[in-house]
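There is one chain below, alone, in structure tokens, taken in the form predicted on its own.
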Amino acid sequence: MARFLAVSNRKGGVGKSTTAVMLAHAAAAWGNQRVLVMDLDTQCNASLMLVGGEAFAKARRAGLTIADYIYDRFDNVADDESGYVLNGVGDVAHAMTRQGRVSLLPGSQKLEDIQGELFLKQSKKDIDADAVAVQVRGRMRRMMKHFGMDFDLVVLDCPPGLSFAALAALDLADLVLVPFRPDFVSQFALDQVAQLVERVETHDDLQDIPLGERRYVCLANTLKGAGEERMLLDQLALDHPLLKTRMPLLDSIARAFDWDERKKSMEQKYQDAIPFMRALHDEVFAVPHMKPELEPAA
């Protein structure tokens, strides 16, 4: 069964999709894992990074997106879901990355509309809106978990909003990775996602959970090396588990957003970001929540 890694932050523009795709490439190339990227963000940036605009448009026309999957199979979760998955995606080739090693369940701009439609449909069966919301969220969680039978790692690229799909992903995740920019809005944003992940209502309740026992870790992203950044990170580390790895602001990472039909090596793709990506990969997959379960003894 796969491990589920959600990449999430209530604040947009913090590099969630780029981080999700980088970790997918790294887990496939260096961890020899079969990886699925599930694009839950209606901006669909992860999909564009992995297949480009033309292939993404083709998947939309063919009805092969996350929105189509949820709508088509909402009442038949056990049915085969593999037809919605695009295999062999990304523009990275690596000695350890066989064809199909990185796969994609494409995003959709219609995902939020589909979720609303399903909520209304289920509401006709139950007048309790809260109960319907729990049911829809739980069904989506099971639909996402269904992909775990075919992959070693499922990376859930989450939207900044609180859709049913986003909440289901946070429920399902073995670990939630929270990228953030080092600015003074970060404290509020990290508090919000932390309380959602740990299922507590107040900051005081959150502080009762030891940092090492929490189901999320935070990644400082797009660092410029300024002194005020270090002060802010030291402050945030008092309240939230922060990775030692810190991603700098690099042109190579910004350029990695652009998909290229020509396959290239990890070093060609990410250039001077490689040492930071290796450190991120090694640290994330050393977190206890992400270590594979041992097979039972015969």
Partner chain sequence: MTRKTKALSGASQDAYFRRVLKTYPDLPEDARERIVRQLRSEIAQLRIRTTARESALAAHEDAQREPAAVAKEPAPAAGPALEAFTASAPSAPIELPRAAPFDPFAINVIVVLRTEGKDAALEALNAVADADNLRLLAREQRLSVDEDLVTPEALSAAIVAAAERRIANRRAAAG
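Positions refer to the first chain, counted from 1. From a predicted model like this one, the values you see are computed outputs, not experimental measurements.
There is another form of the same protein, the form predicted in complex with the partner chain; it is not shown, and what comes next is about it.
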message: Taking the partner chain as it sits in the model of the complex, is A62 near enough to touch it, meaning that at least one heavy atom pair lies within 4.5 angstroms?
response: no
message: Q135 versus the partner chain, in the model of the complex: is there a non-hydrogen atom within 4.5 Å?
response: no
task: Answer with yes or no whether D128 is in contact with the partner chain in the model of the complex, where contact means some heavy atom within 4.5 Å.
output: no
- prompt: Any of the heavy atoms of D191 lying within 4.5 Å of the partner chain in the model of the complex?
  reply: yes
message: Only one of 257-265, 238-246, 40-48, 24-32 has heavy atoms within 4.5 Å of the partner chain in the model of the complex; I'd like to know which.
response: 238-246
message: Looking at D204, D75, E213, D80 here, can you tell me which has any non-hydrogen atom within 4.5 angstroms of the partner chain in the model of the complex?
response: D204
field: Stretch 212-231 - residues with a heavy atom within 4.5 Å of the partner chain in the model of the complex
entry: G227, E228, R230, M231
